[in-house]
Each structure stands twice: as structure tokens, then as C-alpha cells.
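First, one chain by itself in C-alpha cells, the form predicted alone.
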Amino acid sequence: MQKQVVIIGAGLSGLSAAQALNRAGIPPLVLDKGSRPGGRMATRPFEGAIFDYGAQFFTVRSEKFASMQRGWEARGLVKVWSKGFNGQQDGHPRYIAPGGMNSLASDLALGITVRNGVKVSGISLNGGQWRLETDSGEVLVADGVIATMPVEQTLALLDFVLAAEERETLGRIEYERCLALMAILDQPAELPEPGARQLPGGEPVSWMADNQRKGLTAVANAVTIHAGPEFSLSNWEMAAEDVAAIMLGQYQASAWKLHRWKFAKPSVMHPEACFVVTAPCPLVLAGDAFGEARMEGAALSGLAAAERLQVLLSRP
């Protein structure tokens, strides 16, 4: 009998897991509360321009992720943008998606059953299966679940008593916040090649990129600005107008829009690529807080979760 698998979260980790399971003959159902797949691989139109406002680029270190990158590159979905920022070259290509970072999520979702706009409100045991309830009152059952949303959100959904050691281990995971501003400036930002300034640890601004110079939009001076983690946390509740004024600094903008990423980047991670909860039926946690951060880490975590779930489902 075909095993029923549900993946919660249609970001890079969830979609990577879904593709791996699909190839293994275990087609999953992917649920996501957002209006479209992608998570932090986020692209949106605003005032006639197109903005990447979540993940800005990705790097490749492992062969597994290189295989994904080569497939995307062969189909024209990604290209090399630079090998460093601020005039510093380290030899590692930074890849971007000319169609927007969200186009990569759309590509991974092909052939997968993804239901968007579905928010899971509870996960509990029902005999030998998981019972998932949504905000709309729908109930789904699954033989195995992969949860890829931020760990804090997963733990809040579980109507299941974790072992004290497991809850303590997962409770150590922490995330940084990020205030992201999309703006159309009245004047050129005059960013160094290739059209971005990266300031790791920078406050209040840690990143600024020109989406036209990335090749994402024809509109001039359409920039994405990311605030640093300290500024984002300290000013999380500040009015958007005040946040925008600080983040713009010397620049004037004809239009702007603020997005608040509550779980932008893991700051305290779990060392393994995924985490299997001790339970009567399989529940695997994955995402960029497991193993490695960034887009590559998210993809590898999803692949690892799919592998573990296949093993667990094959047991009598």
C-alpha cells in the first residue's frame, strides 16, 4: 500500500525533500501557508519593478547541491553574478536567478502536489498515523511527516509530548530577524560592482542590492535593503515609516515597502542535517537550521530528511 507523506513548508528544504521522495516513488503532499511556493526565496512586483527581497544569491560547496545548480544553469534559470562583493573576490561564484529567486521554487514545485494557502494548526497522533488539522478545520492523515518551517513554529503545533532531551535540543535553535526594504530611489545608489554592497554584521544596514543591475528588472534604482540582526530585533515593532527612514539613510525614495522576516537566518543551529523525533510514526524536522545555513543548507537538509523518511517508512 502506498505510504501517505505530508511535507509542511514549500520552501527550498520542503521542495527538495518532495522532489527526492517523488523520485523514490513516494509522492508527497506539500502544504504551505503562503500564497505561492518559495518561503524566503521571495520575489515580488512593486510599483512596476521586480524585487528579490528574501534570499539574494546562493553559493555552492557540495556535489549534491552542485547537481541542482547545474540543472538550473543548463535551463537558464540561474547564472553567476559575481565571485565576491565590496571589491573582494574569493573565487566562489554567487548565483542568482534572472527570473527572480522565487522562480527556482516554482521549478522545484513542478510535478509535485503543492497546496498553498493552507496553514497547519495542529499535529497529533491518531493510532499509527499523524493527524494534521488546518486552520480551516480540514483533517489530513499521514504515515510520515517532514516539517520544514522554523523549529519554534513546529514545536508550537505538536500535540505530542516530546522526550525532554529532544525538546531541549530543539529549543536551543535560534533565528535572527531581518527587516527588508524594497525601494525605488530618486537617484542611483552608486553601489560597487556587481551592484551590491554586503556588510556582514553591519548595522543598521547589512546588505543593499540594485535589482536592475542584477538583471531582474528594467526599472532603474530599484533596490533591496536588508537591516542587520541587531537593528531588526531592536526595532521590530517600530512603525514602518520610521524603519524605512532609518534604512534609507541618505537616499530619497519615490516608493518603498517593508517586509519583516521573523525567522530570517539561524543563529544557533542543530549540527545534523535533519532531526528525527522519537514517535510511533515518522516525524522528521528539516530546514536551514539543520546542518548548514543558507540556501545550500536548506536543500541538503531536505534531501537528508527525505532519505531518513524513506528508511523509516520501510520498516515493518
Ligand SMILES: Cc1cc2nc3c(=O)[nH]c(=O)nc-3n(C[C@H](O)[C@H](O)[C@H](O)COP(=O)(O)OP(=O)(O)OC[C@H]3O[C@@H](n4cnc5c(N)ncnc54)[C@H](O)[C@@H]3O)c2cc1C
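Residue numbers here begin at 1 and follow the sequence given. This structure is a prediction, so every number in the text was calculated from the model and none was measured.
Beyond what is shown, the protein has a form predicted in complex with the named molecule; the following relates to that form.
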Open item on the list: Just to be sure I understand the contacts: of M247, V284, M68, A55, which is the one whose heavy atoms reach within 4.5 angstroms of the named molecule in the model of the complex?
Closed with: A55
Task: Listed range touching the named molecule, judged in the model of the complex by heavy atoms within 4.5 Å, from 43-51, 260-268, 275-283, 247-255 - done: 260-268
- [ ] Would you check whether the named molecule, in the model of the complex, lies within 4.5 angstroms of a non-hydrogen atom from each of G11, V120 and T148?
- [x] yes
Open item on the list: in the model of the complex, is there a heavy atom of the named molecule that lies within 4.5 Å of any heavy atom of P27, even though the partner is absent here?
Closed with: no
- [ ] Determine whether any heavy atom of S234 comes within 4.5 Å of a heavy atom of the named molecule in the model of the complex, and answer yes or no.
- [x] no
TODO: Tell me, yes or no, whether S106 is in contact with the named molecule in the model of the complex, where a contact means a heavy atom of each within 4.5 Å.
DONE: no
Open item on the list: Whether K64 contacts the named molecule in the model of the complex should be assessed with a 4.5 Å heavy atom distance threshold; does it?
Closed with: no
TODO: Just give me the residues of 29-44, first to last, that have a heavy atom within 4.5 Å of the named molecule in the model of the complex.
DONE: L31, D32, K33, G34, G38, G39, R40, M41
